[in-house]
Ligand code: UGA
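So this first bit is one chain, no partners, the form predicted alone, shown in structure tokens.
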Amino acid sequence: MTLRVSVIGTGYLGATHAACISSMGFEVIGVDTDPAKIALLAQGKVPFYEPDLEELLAAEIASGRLSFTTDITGTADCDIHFICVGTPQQAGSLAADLRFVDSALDAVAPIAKAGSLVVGKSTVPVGTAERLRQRLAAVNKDVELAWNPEFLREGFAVEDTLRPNRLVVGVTSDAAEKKLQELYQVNLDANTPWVRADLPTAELVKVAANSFLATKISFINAMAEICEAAGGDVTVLARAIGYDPRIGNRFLQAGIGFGGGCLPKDIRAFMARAQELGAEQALEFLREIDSINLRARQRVIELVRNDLSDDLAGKKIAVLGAAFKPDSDDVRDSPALDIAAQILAAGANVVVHDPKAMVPAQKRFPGLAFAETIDECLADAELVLHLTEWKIYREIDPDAAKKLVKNAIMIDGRNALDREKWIAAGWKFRALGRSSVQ
């Protein structure tokens, strides 16, 4: 018998997971408390930008395998229930807000059929799964709980779900593992590594991976600071150390640092949980990682002041990019948008362009000006900031761009532009960790 699956929470993670599991041939029901979101998804439309997802979603709805509802009782006959709700940072604290996870568990526990499996995918502090397992058992002793952390990269979420580089399952029985193996059989047939773990280890895998990634990004940004002080070039340094197979060259691109809805809040929640466990010293280094990351943003603002004036009042600054990374419209904790907002607060006339994130950026910072085209953004600018490495920005003709701006000054916050090409066109070119060239 084919498994029936429910996905509780239809945000970025849930909508992607629901569509991808459906495409594997399973019947899937997506559940959310937001009627507007459910209505949109039911029409095959995604309320955020993620490459290839909307096409996949529409195809799966047309197939009849995928549906959406606000009524969780409609999932009572499902064999597996995935919890895919958000775990944002608590206001006034580093800790994760687990209200949505608790609510999802409480909603599904009484209606889940005997022998079914509740599987957490949300990123949670270690110990949450065991607490939820006991909470579930108190309501429905015939249902097991497992944990299957997600490892999605925004911009590659469909690929990462359909062809993951590993599958990690935290289970307490062979039966639970077998059911998840049945669900992911197509991945196992493709030799995807399968890691069985206990519940605490499964929870830790995601936050440990994010912490390592954050550390690597902040390390190269710390080296950028040293290179600037010593007159070195961080791009050459990164290339050289990246040839060492023990290090590798991925995520060694110095710039304005990481952001988004995962890395910043996950490493902070990890620190908070370590403190609760009495192991805060083990993760003390993450405080400096967070500090280095935020300092990179301030360094860009310092460069702006150095090139223009300490007084930025009335000066037009063009900002290329608002999303925290390319191929996404996510502006949560976006370094690009944070820098733009800080420069605006200093009195500058800031005009922002982004191919996908303009609407969410405008909702977050309505005081910023937004341009529909790159040319409009650049027109009469006294300085240009390249802050999100979209392909369309790498394709800008610096000769044509120079004719639009008031001052040909480019600060490449991502070390992604062709520096020699921009310099040859007569631009003063700056980038973090590299000497200024005019």
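Quantities reported herein were computed from a predicted structural model and do not represent experimental measurements. Residue indices: 1-based, along the sequence shown.
Beyond what is shown, the protein has a form predicted in complex with the named molecule; the following relates to that form.
Q: Looking at Phe285, Phe219, Trp194, Phe151, which has any heavy atom no more than 4.5 Å from the named molecule in the model of the complex?
A: None of the others qualify; the residue that does is Phe151.
Q: Can you pick the one in Thr87, Thr128, Gln253, Ser116 that has a heavy atom within 4.5 Å of the named molecule in the model of the complex?
A: When the named molecule is considered in the model of the complex, the option within 4.5 Å is Gln253.
Q: Is Thr75 a contact residue for the named molecule in the model of the complex, using a 4.5 Å heavy atom cut-off?
A: Contact check for Thr75: no, nothing within 4.5 Å of the named molecule in the model of the complex.
Q: Should Asn187 be classed as touching the named molecule in the model of the complex when contacts are defined as heavy atoms within 4.5 Å?
A: No, Asn187 stays farther than 4.5 Å from the named molecule in the model of the complex.
Q: May I ask you to check whether Asn210 falls inside a 4.5 Å heavy atom distance of the named molecule in the model of the complex?
A: Close contact exists here: in the model of the complex, Asn210 approaches the named molecule to within 4.5 Å, heavy atoms only.
Q: Check Arg268 for me: does it contact the named molecule in the model of the complex (non-hydrogen atoms, 4.5 angstroms)?
A: Arg268: no, not in contact with the named molecule in the model of the complex.
Q: Counting only non-hydrogen atoms, which stretch in 307 to 315, 321 to 329, 79 to 87, 344 to 352 is within 4.5 Å of the named molecule in the model of the complex?
A: That would be 321 to 329.
Q: Using a 4.5 Å cut-off on heavy atoms, which residues of 246 to 266 contact the named molecule in the model of the complex?
A: Heavy-atom contacts within 4.5 Å come from Phe251, Leu252, Gln253, Gly257, Phe258, Gly259, Cys262, Leu263, Asp266.
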